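Only one chain is shown below, in structure tokens, and it's the form predicted alone.
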């Protein structure tokens, strides 16, 4: 008798739970983290808990200026598409052997670049950007300091970076560089003997690949003479958040976003790097596809 009563109570409880789940609306609890993705913040800094619409700044004059700007870019894209790639004749594009991507021929050319250092995380390094002599080169200089900030979390510090801005088409659409016709990166620089790292960022297909970059080292010579550096794209290796990946693959040249120069050799003191131009070219003598071996973590038996 007691067993039957226990089974009856259990069945009634199950029916009650089913009825609540079937007819009671689900309650969804939303937090600010589910609405937007927080950006990086320094250790010890309070998080920005404002909603996305609270960060918008409305300006009617800038809105009209932006509309005229984007429609002008859209017009250039349409007209340039009729002529050829990037507004150049098709024959010139096919027979192209080299292309200058960035050159510094005036103060307005510096607007295409962004400088950063470990001061963003509380470090002490300083970096500056200015035009060189006769306004024909770019001068990156400053002081490197590897002392980490006293925030109790940061262990390593001491870096300076010069990075190109993302090319934007009309209505702030990403515009990628298609360098699949070339196989070598050509730089004309004048350094102070420090080793620099060349970082190339490409468009990723998944969100977890947004920190993937392709890197290679550039060793500068000190002195007053210019140095022509040619680095094959097959030499660039894949890294993410400063860690070299076990699974390597060839640099995707059809969707290049930015290029950057990074100094982090842990040698405290002043530094200087002067850049004349950044270009790409075709080296017919270089036939290597990829310089690194592919390893399987679970090799086939």
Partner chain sequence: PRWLHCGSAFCKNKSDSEELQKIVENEPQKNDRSLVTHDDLFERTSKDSKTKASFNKVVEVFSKKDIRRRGHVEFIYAALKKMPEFGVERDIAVYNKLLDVFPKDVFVPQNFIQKMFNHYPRQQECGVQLLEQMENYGIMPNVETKVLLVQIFGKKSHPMRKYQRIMYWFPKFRNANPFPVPRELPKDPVDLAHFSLTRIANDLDATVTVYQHPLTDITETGEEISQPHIVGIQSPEQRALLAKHNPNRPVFVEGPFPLWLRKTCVHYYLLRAEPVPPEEKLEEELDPELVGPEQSLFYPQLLSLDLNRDLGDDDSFDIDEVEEGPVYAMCMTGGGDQATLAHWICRLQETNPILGRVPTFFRLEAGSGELQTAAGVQYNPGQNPQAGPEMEHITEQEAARSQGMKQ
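Residue numbers count along the first chain shown, from 1. Every value quoted in this text rests on a predicted model; they were computed, and no experiment measured them.
Missing here is the form predicted together with its partner chain; even so, the following discussion is about that form.
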Query raised in the report: Any idea which of 50-58, 254-262, 65-73, 235-243 reaches within 4.5 Å of its partner chain in the predicted complex, heavy atoms considered?
Result: 235-243
**Report entry** its partner chain contact in the predicted complex: residue 139, any heavy atom under 4.5 Å
**Finding:** yes
Query raised in the report: Should residue 207 be classed as touching its partner chain in the predicted complex when contacts are defined as heavy atoms within 4.5 Å?
Result: no
Query - Any non-hydrogen atom of residue 45 within 4.5 angstroms of its partner chain in the predicted complex - result: no
Query raised in the report: Does the 4.5 Å heavy atom contact test between residue 98 and its partner chain in the predicted complex come out positive?
Result: yes
Query raised in the report: Which one, 220, 117, 183, 199, lies within 4.5 Å of its partner chain in the predicted complex by heavy atoms?
Result: 220
Query raised in the report: in the predicted complex, does each residue in the set 226, 267 and 292 place a non-hydrogen atom within 4.5 angstroms of its partner chain?
Result: yes
Report task. Counting only non-hydrogen atoms and a 4.5 Å cut-off, give the residues of 275-289 close to its partner chain in the predicted complex. Result -> 276, 277, 279, 280, 281, 282
